[in-house]
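One chain follows as structure tokens, the form predicted on its own.
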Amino acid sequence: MTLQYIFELTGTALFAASGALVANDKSNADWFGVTFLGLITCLGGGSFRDILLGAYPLAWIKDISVLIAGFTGIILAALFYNALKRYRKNLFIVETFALGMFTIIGTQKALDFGVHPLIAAVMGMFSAVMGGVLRDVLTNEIPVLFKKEIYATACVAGALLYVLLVRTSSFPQLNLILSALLIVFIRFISVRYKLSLPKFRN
């Protein structure tokens, strides 16, 4: 089992847990509804990427382990619900690490299809954020992507670092870790110090 595959399954489980928690808070849904929204959160971004790349079958259809990871994340969210909700920063940590993992995995999958490195970086960003966008739309929330917060920009920065390291470094596992950690670092710093990009127009 490669580090890339571990990243993919772990990121899937973390995003599913995050999606389930948000779905429960926003919609007060039953187990089916929470599970549905949890799976949308963890599978939506990767599916969107694969459709754009023409990668069929989709990742979670091709490999049942991805779907199992999603269900596992939802079950863990139920088991540790009180602890995660009592400390909001725990949920933020879960989402941030999932964001880093999904971005880099999505970028590498795009590179495997031979697309331009800049396109691969965009695909990595889509992989990480689109599931959350779908979840927020379905729960009638403004997606975090459109809020005054450095979110997708962190993904793009990590993805660009990754494509640079792929071209210059011969340590693929280290490339994965460093690039994902850059995304985590940017997210933590931006939230801690309330940093944001300039407005398009005042």
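Residue indices: 1-based, along the sequence shown. Fair warning: this is a prediction, and the values are worked out from it, not measured in the lab.
Beyond what is shown, the protein has a form predicted in complex with another copy of the chain; the following relates to that form.
Check whether I74 has any heavy atom within 4.5 Å of a heavy atom of another copy of the chain in the predicted complex, and answer yes or no.
Yes - in the predicted complex, heavy atoms of I74 and another copy of the chain come within 4.5 Å of each other.
Review point. Is there any non-hydrogen atom of S170 lying within 4.5 Å of another copy of the chain in the predicted complex?
Key: Heavy-atom contact with another copy of the chain at 4.5 Å: absent for S170.
Decide whether L164 counts as a contact residue for another copy of the chain in the predicted complex under a heavy atom distance cut-off of 4.5 Å.
-> Heavy-atom contact with another copy of the chain at 4.5 Å: absent for L164.
Q. Does F92 reach another copy of the chain in the predicted complex if we count a contact as any heavy atom within 4.5 Å?
A. F92: no, not in contact with another copy of the chain in the predicted complex.
* To do: Establish, in the predicted complex, whether L14, R86 and L174 all lie within 4.5 Å of another copy of the chain, using non-hydrogen atoms for the distance.
  => Negative, none of the three is within 4.5 Å.
Heavy atoms within 4.5 Å of another copy of the chain in the predicted complex is the criterion; list the residues of 103-118 that meet it. The stretch touches the partner through V115, H116, L118.
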